[in-house]
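Here you get one chain, nothing else, as structure tokens; it is the form predicted alone.
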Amino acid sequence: MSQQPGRVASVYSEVQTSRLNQSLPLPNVLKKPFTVKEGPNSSAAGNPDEIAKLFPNLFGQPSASLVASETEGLNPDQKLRIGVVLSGGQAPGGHNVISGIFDYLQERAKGSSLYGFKGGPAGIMKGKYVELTPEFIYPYRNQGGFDMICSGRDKIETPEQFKQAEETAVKLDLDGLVVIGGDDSNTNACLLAENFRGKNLKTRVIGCPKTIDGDLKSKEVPISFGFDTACKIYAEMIGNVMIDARSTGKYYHCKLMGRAASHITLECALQTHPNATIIGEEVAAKKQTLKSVTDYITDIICKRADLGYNYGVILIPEGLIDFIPEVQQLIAELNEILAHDVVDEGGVWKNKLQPQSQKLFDLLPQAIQEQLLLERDPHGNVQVAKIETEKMLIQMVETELGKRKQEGRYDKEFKGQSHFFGYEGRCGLPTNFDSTYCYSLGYAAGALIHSGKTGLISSVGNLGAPVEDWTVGGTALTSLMDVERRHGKFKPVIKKAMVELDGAPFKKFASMRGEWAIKNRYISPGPIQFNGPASRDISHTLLLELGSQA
């Protein structure tokens, strides 16, 4: 199969064009002869006995490190046939992972072939692919997006789907497959590796850590790619609305991002210094109620009003509702009630709620009540993702401020402006860090397949040091896994990395938020820099987690 490149360089901006030819440094270990050194046998993130049963061919295998060698440890004359697939949502830098794999093959295994599966995992199952060539890849180097081969959210999970994947691997005579994705996609990569090994196929599977949410990481995988770029894009926009708030002196900008974990919200707070930031993991740990979150925001608004600042910026993670125990209880009760009852105008159904849930429901704005009652998914559950959390909190804050006004505790006018920064960060031009990090991840994935490894995730470490000193290897995917009980069976999942309340990034934030609340310590980072003093900066979160001062 063949296909012409989807991009035309002549319609690029000057910045895009300049990025095309931007050379990328590699860690020293990837520029010279190397061998692969194995570490100790691995275990699992949780329930190792169950993970061992689910992955009998892979469990316990060691992670791998690439180490410098006097002589080349791999056969440069071996002609490899490797497939690559993009899986899940977009993240800046994905094209450079593919470029890194391609360049590894060109430089270290001449005569090899790289096939891009189109449209995500469905491309593997349906056998839809394109052979990648220098001309095909060139327009995508250092560019954002996943449009080189596009992505998809399909999963390879049924026996029939595994059989389709096997047939494609055999048809293309693949030596390896690189799965570029998040926690679900890399869980799927591990299942594929287990399946291929169990069927004695020669196709080896390597994962690459992708997600702007920042929740795919471990000691060996310090950060997922795309996080650095997305946070800088959001931070620029937050800085812009901060200046707008200060210029007009009358708006509160409420913004929202981050689903399962609050890493993006925390990183953007460290970069911009907003007046209030809600971290979902802290809300859950302290078992805070929606009322207490509302009161916290309202208290800051009132304190700032007393100081003459009737404006501000508030950051809220997209998945906040999922962290509030009482809201989850309310939703569970509603799902159960509405599965059997019809909502009646008289509200008789409401009497079936527990008293605490009934009180919470009455506290919610009418629009949110309607969303909870009417927006059902095919399984009869509330579609939590569609609940506009930022608008809900604005309305609840307005109600509370109205009460305080009557009590003489607030004498200003509150004007809330809601924003949702989400898709804007997924396909930006990758930062220097993400460009280089992704290129190294891809190059390393090629090396791991060349060395005969499978069931590993490409791992590049020591990221606080110059690129030349980065470490390179692969981490056993089973070592990142735990199990969840679904439909009476144990299913493997890569554990999401949540914000650690005793970690350095949160501690730094917690030590400063009191000052940010009442004083204007706003920082406007501006657009992403590719050259100049800020071009080499990496995220506060990563630096703090590495023990460096951010």
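In this text, all values refer to a predicted model and were calculated from it rather than measured experimentally. The first residue of the shown sequence is 1; numbering continues from there.
If you look for the form predicted in complex with a further copy of the same chain, you will not find it shown, but the lines that follow are about it.
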{"query": "Interface segment, criterion being heavy atoms within 4.5 Å of a further copy of the same chain in the predicted complex, picked from 322 to 330, 440 to 448, 241 to 249, 214 to 222", "finding": "241 to 249"}
{"query": "Residue (of 96, 186, 151, 275) lying close to a further copy of the same chain in the predicted complex, criterion heavy atoms within 4.5 Å", "finding": "151"}
{"query": "In the predicted complex, the residue from 126, 391, 155, 405 that sits within 4.5 Å of a further copy of the same chain by heavy atoms", "finding": "391"}
{"query": "Residue 312, heavy atom within 4.5 angstroms of a further copy of the same chain in the predicted complex", "finding": "no"}
{"query": "is_contact(residue 427, a further copy of the same chain) in the predicted complex, heavy atom dist at most 4.5 Å", "finding": "yes"}
{"query": "a further copy of the same chain contact in the predicted complex: residue 182, any heavy atom under 4.5 Å", "finding": "no"}
{"query": "4.5 Å heavy atom contact, residue 45 to a further copy of the same chain in the predicted complex", "finding": "no"}
{"query": "In the predicted complex, residues of 522 to 548 near a further copy of the same chain [heavy atom within 4.5 Å]", "finding": "522, 523, 524, 525, 526, 527, 528, 529, 530, 531, 533, 534, 537"}
